[in-house]
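Before any questions on binding or motion, here is one chain by itself as structure tokens, the form predicted on its own.
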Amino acid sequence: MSKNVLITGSEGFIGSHIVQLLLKKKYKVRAFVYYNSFNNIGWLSSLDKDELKKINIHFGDIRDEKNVLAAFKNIDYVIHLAALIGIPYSYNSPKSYIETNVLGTYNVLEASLKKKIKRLLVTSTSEVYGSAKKIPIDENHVLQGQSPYAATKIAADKLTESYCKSFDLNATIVRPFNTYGPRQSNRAIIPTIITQILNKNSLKIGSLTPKRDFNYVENVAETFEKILVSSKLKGEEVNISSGKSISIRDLIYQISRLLKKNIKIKVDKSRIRPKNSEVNNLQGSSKKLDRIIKAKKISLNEGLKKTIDWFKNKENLIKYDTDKYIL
């Protein structure tokens, strides 16, 4: 029996990889794409023609309740990724994050109830944990809104939790730690390091001391699919993490070694977060996920090599690049 799945934020970094994976696994995919006057389908345009023919593209706006409901027609499963994700921009425009991340999630939850969706995954972020009270961070860690972005994702998570408890919605909150790989926005830390080093021997960067837990995008996509078909995580939150963290400084040195370049690092104060907003260490615990799902993991070094190879291809760099959808 075919599985009809809707993916919001499908044209983004993680979304496009999930679309490709589900097509390979013979799902019938409807891709919810943010409406624009250019008919731009984002990273979905990098799929081959045979893959694109299999996708039902639905243009809309996650903030529009009627449009979201229309996208849910004849759908069994939903993966909700659409969100505003750039942390720096959230300081300047918090209301837009509330409208997209909170109201947009509300629209998805309501449509899931009305259309009797069998299974819903709502994408969260490791940023909801804030600065770690304990390492590694498991799903019981306190949630801390240290940026407007993080606060809106916490609100969306809690709204989802309430729909699971109040209306018995079969939803899971999926909390990826830092995802990286081909197609990621140049605004993200690994692409900005790679592209700057490729173009010159110096690097402008923000704070060097924060630590992050990095996960390769193909592994993350595969894990999403396994969570989607699991019957063991209803109404729960689950981390996707490597269980290891690396400082931005050490990450820079690792990438520069792979590129065989000696570089000068220049700290750009304009790129540093406000003091009380910076998250110092995001290192996740994957114990809960590992008990339920056998997910493939590749090393950071191997994933960086694959990512570097993609960014070395200049044709990839002129493709669609946006902060609109989840990383």
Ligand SMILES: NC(=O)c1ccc[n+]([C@@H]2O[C@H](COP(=O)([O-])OP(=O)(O)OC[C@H]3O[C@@H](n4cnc5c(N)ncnc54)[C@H](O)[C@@H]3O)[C@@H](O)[C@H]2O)c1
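Predicted, not measured: the structure shown is a model, and the values here were computed from it. Numbers follow the displayed sequence, beginning with 1.
Keep in mind that the form predicted in complex with the named molecule is missing from the display, and what follows is about it.
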Quiz item: in the predicted bound form, which of the listed residues (V238, L228, I193, L84) lies with a heavy atom within 4.5 Å of the named molecule?
Solution: L84
Exercise. Name the residue from S112, T125, S147, T223 that puts a heavy atom within 4.5 Å of the named molecule in the predicted bound form.
Key: T125
Quiz prompt | Proximity to the named molecule in the predicted bound form (heavy atom, within 4.5 Å), stretch among 149 to 157, 252 to 260, 230 to 238, 201 to 209 | solution = 149 to 157
Quiz item: Could you tell me if Y77 has a non-hydrogen atom within 4.5 Å of the named molecule in the predicted bound form?
Solution: no
Exercise. Report whether the minimum heavy atom distance between Y163 and the named molecule in the predicted bound form is within 4.5 Å.
Key: no
Self-check item: 4.5 Å heavy atom contact, Y34 to the named molecule in the predicted bound form
Solution: yes
Quiz item: Within a 4.5 Å heavy atom cut-off, is D61 in contact with the named molecule in the predicted bound form?
Solution: yes
Practice problem: Scan 167 to 188 and write down, in order along the chain, each residue with a heavy atom lying within 4.5 Å of the named molecule in the predicted bound form. | Solution: P176, F177, N178, T179, Q184
